[in-house]
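In the block that follows, a single chain appears as structure tokens, in the form predicted on its own.
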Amino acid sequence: MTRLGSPDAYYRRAKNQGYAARSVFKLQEMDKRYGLLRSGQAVLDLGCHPGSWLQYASQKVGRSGRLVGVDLQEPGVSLPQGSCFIQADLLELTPDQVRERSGVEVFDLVMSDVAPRTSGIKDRDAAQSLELTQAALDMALALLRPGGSFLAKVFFGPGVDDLIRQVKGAFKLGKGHKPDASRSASKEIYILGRGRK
């Protein structure tokens, strides 16, 4: 019998509940703990494919909210009303392009589950993850309203502590967090910023 905390159990739960991926439970856990998502918010989801974070966020922000997804690949789910998708490389996308293409000037939450195409070479993968997460933070700092929140995945490695320090300097609360739904062998952590200064 598989324990609930095992990867297979989270995968089955996601499929049974109609979510595109098991990663939804990471966002759900962090939302319950830190109160990230609320009705009416404008949310930017970087690295939104396959779409489970968009699915969960749409339930939380409701019809009055606005969701903007960004990825190289289109989400594998139907986009909810009040949302749009920008097909782009995060490393090449500018904040002005996001504003222009989405019609949203400022966001309440910028979240990123973006990951590099892994090579299996630990140091290379960690460096590419750090570059993407730094780009997500730069985007958040340009687009978040005062008091807004930031949440982003990164593979732990050199430079991550510096990234967490940047978040601590820009937000009232900044910290690293590893959700229960993350695989135990995974090197990923999530960096959280609450209360944009």
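It should be emphasised that the depicted structure is a prediction, and the values quoted were computed from it without experimental measurement. Start at 1 with the first residue shown and count on from there.
Just so you know, the form predicted in complex with a small molecule exists too; it's not on screen, but the next bit is about it.
J.: Assess the spot marked by 108, 193 and 195: is the small molecule within 4.5 Å of a heavy atom from every one of these residues in the model of the complex?
T.: No: no residue has a heavy atom within 4.5 Å of the partner.
J.: With the cut-off set at 4.5 Å between non-hydrogen atoms, does residue 47 touch the small molecule in the model of the complex?
T.: Contact with the small molecule, yes.
J.: Using the partner position in the model of the complex, report whether residue 51 sits within 4.5 Å of the small molecule, counting heavy atoms only.
T.: Answer yes; at least one heavy atom of residue 51 falls within 4.5 Å of the small molecule in the model of the complex.
J.: Whether residue 132 contacts the small molecule in the model of the complex should be assessed with a 4.5 Å heavy atom distance threshold; does it?
T.: Yes, contact at 4.5 Å.
J.: Using heavy atoms and a 4.5 Å limit, would one call residue 89 a contact residue for the small molecule in the model of the complex?
T.: It does: once the small molecule is placed as it appears in the model of the complex, residue 89 has a heavy atom within 4.5 Å of it.
J.: In the model of the complex, which of 65 to 73, 143 to 151, 29 to 37, 165 to 173 comes within 4.5 Å of the small molecule (heavy atoms)?
T.: Only one stretch qualifies here: 65 to 73.
J.: Pick from 84, 115, 127, 104: which residue has any heavy atom within 4.5 angstroms of the small molecule in the model of the complex?
T.: Partner contact (heavy atom, 4.5 Å) among the options: 115.
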